[in-house]
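One chain comes next, on its own, written out as structure tokens in the form predicted on its own.
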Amino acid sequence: MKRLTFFFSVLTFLTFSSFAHAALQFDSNVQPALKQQILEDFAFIQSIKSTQASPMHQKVFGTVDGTNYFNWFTKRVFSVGIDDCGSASAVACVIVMYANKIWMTKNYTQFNHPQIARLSVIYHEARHTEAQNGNWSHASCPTPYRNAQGQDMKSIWTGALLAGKPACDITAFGSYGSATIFLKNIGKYCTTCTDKVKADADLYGSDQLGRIIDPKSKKNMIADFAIPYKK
């Protein structure tokens, strides 16, 4: 079975009364608690409001708005399943032979991460369903792979070392890039979010920005977010 294994994954058809007839389907082995969590997370994403967005966000999602996010997602993902995604450190994935579907691993539920972080995983994986864009395949992280303090780069989700793993991007518009754009814009522009949600979005957005290993792409993203650039 050919897989595109990425550090994130999830979902299928949901039903939300405030949106037009989009029914997300869950495999029978998706635990009720996971299904309920996903439904609650999507109820939250629909509540997000703002009239602003960075240029990159406008290109990918439009304005920072729950309707835009929901419609963007449900055009790409129709169902959610459970799989090990071929790695003990994977959180979710897309398996390319199954179109419009994302798969979750036990790592998605066994760690206590903020709601907005869980949603960024879902949107990361939704980007990988775009067959017309080669499913936005990842690049291998450098070896060694360290931050500005000289510390080994690790997954914020599982703590796994990232050096040499296919867990980075060279483009601003792939799965890590689009998830970063999603998080940073919510952190900066959401008018209906609590300070905690905005702080979480900014924190996890900064972490995901570290997965962009092309200096030009990273510099363009930081300029887009209007935050100081440090090499």
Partner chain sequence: MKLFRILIFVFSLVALVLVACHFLLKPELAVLPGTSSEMHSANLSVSQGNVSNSTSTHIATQVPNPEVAEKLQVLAEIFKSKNDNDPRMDQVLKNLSEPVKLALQKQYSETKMEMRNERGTIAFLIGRELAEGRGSLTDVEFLKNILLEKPCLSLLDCSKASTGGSSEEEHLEGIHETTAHYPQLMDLRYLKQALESGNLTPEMKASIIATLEAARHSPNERVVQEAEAILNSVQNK
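Positions refer to the first chain, counted from 1. Rigid core (definition): largest C-alpha set, two forms, superposition within 1.5 Å. Keep in mind that what you see is a predicted model, and the values were worked out from it rather than measured.
One more form of this protein should be noted, the form predicted together with its partner chain, which is absent from this view; the next part is about it.
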inquiry  = The chain here is shown without its partner chain. Which stretch in 52-60, 199-207, 65-73, 23-31 comes within 4.5 angstroms of it in the predicted complex, by heavy atom distance?
reply    = 199-207
ask   = Are all three residues Q151, T158 and T194 in contact with its partner chain in the predicted complex, where contact means a non-hydrogen atom within 4.5 Å?
value = yes
inquiry  = H113 versus its partner chain, in the predicted complex: is there a non-hydrogen atom within 4.5 Å?
reply    = yes
key: 4.5 angstroms heavy atom contact with its partner chain in the predicted complex for I38   = no
query = Is Q132 close enough to its partner chain in the predicted complex to count, meaning some heavy atom within 4.5 Å?
reply = no
task = Mark L162 yes when one of its heavy atoms lies within 4.5 Å of a heavy atom of its partner chain in the predicted complex, and no otherwise.
result = yes
task = Tell me, please, whether between the shown form and the other one the C-alpha of G86 is shifted by 2 Å or more, with the rigid core used for superposition.
result = yes
ask   = Comparing between the shown form and the other one on the rigid core, is the C-alpha shift at G150 2 Å or larger?
value = yes
key: Did Q132 shift 2 Å or more between the shown form and the other one, C-alpha, core superposed   = no
